[in-house]
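Single chain ahead, by itself, as structure tokens, in the form predicted on its own.
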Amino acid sequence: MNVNRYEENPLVTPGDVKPHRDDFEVIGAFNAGIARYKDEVIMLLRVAERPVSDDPTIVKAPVFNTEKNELEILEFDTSDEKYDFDDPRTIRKSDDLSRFAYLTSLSYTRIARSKDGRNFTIDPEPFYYPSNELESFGIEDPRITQIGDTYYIYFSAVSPVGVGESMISTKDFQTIEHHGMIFAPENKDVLIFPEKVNGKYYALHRPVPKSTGAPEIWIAESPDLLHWGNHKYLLGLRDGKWDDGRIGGGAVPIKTDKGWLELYHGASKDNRYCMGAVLLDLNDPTKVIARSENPILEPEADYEVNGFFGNVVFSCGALVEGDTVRMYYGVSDTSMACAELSLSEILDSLTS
């Protein structure tokens, strides 16, 4: 597989983003939704910020208080035995390490714009900031599906009651309409197809079963983009392969003559994230036609291997021009990058 990584990579880094608040620092600008709007490429960044702590014994947790409509900063002493601080991303209760009590950063979305798809300028203010109780721990990993003149933006909404998928929409990337939560916790990695198939909207999603099952890809249908049902299991883990740990959707599905092409992420059991592809039937996307035997992109460049959470390439969005797939992806939970691949080579690499 020929992969042309942009020489400008990484395209956007945390150092390119000014913190929303002076007492915060940006630790991630990654996993962005991608769209074309007028003559620009829009990169809707997930910006992760954390409060600056001058005392190494104090860990801070930002929480959006919906009653006060303001961000609160909670402080925890690392000597407090009620909590576990081993993971710098989270604060967990010592008697239940299976889930986090708080996050040490808060994510929101900010727009980066480019005329050429390589050099981006970043808007000075957030595009969408947490605004309700289901977003009190932040909003993560936005994706964008354009249908007509409307851009549907959906993201992981994180709060004490779980991680679900919420949606807003816009026509101009200024005015926003809220649509609420469309997939209840625990669910993420949602991708809405860019057109109806036989009169129905379709979406990929990734529930996280706690009793049986694994983090794998499902598909659902809807009459109106808001009410989703007829959920079906679509794609699973493969023992001993690059995607044997967890899988989830990445880029909005691409319509081709051979079927719907989905560029998805897969992690191994040791948390190495790669990108692969799966081809779904054009008239019935619940049917899998073919799938990557090997990754189409894996972490090799320094900015993909090293970062906040290393060895990660995470597909976010793709723009197709003829046979060229311009694939934007998050690297090491830190920054954004882009690579060009051949559409025909991707399709030819798939096996049934």
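All values reported here derive from a predicted model rather than from experimental measurement. A residue's number is simply how far along the shown sequence it sits, counting from 1.
Another form exists, predicted in complex with a small molecule; not displayed. Remarks below refer to it.
Colleague: So which of 89, 241, 231, 118 reaches within 4.5 angstroms of the small molecule in the predicted complex, heavy atom to heavy atom?
Modeller: Exactly one listed residue reaches within 4.5 Å, namely 89.
Colleague: Given that the small molecule is left out here, which of 25, 340, 16, 333 has a heavy atom within 4.5 Å of it in the predicted complex?
Modeller: None of the others qualify; the residue that does is 333.
Colleague: Within 4.5 Å, heavy atoms only, one stretch in 208-216, 172-180, 158-166, 68-76 touches the small molecule in the predicted complex. Which?
Modeller: Contact criterion met by 158-166 only.
Colleague: At the 4.5 Å heavy atom threshold, is residue 100 in contact with the small molecule in the predicted complex?
Modeller: Close contact exists here: in the predicted complex, residue 100 approaches the small molecule to within 4.5 Å, heavy atoms only.
Colleague: Closest heavy atom of residue 140 to the small molecule in the predicted complex, within 4.5 Å or not?
Modeller: Yes, residue 140 sits close enough to the small molecule in the predicted complex that at least one of its heavy atoms falls within 4.5 Å.
Colleague: Does the small molecule come within 4.5 Å of any heavy atom of residue 188 in the predicted complex?
Modeller: Judged by the heavy-atom cut-off of 4.5 Å, residue 188 is in contact with the small molecule in the predicted complex.
Colleague: In the predicted complex, does residue 46 come within 4.5 Å of the small molecule, counting heavy atoms only?
Modeller: Result yes; residue 46 sits at the interface with the small molecule in the predicted complex.
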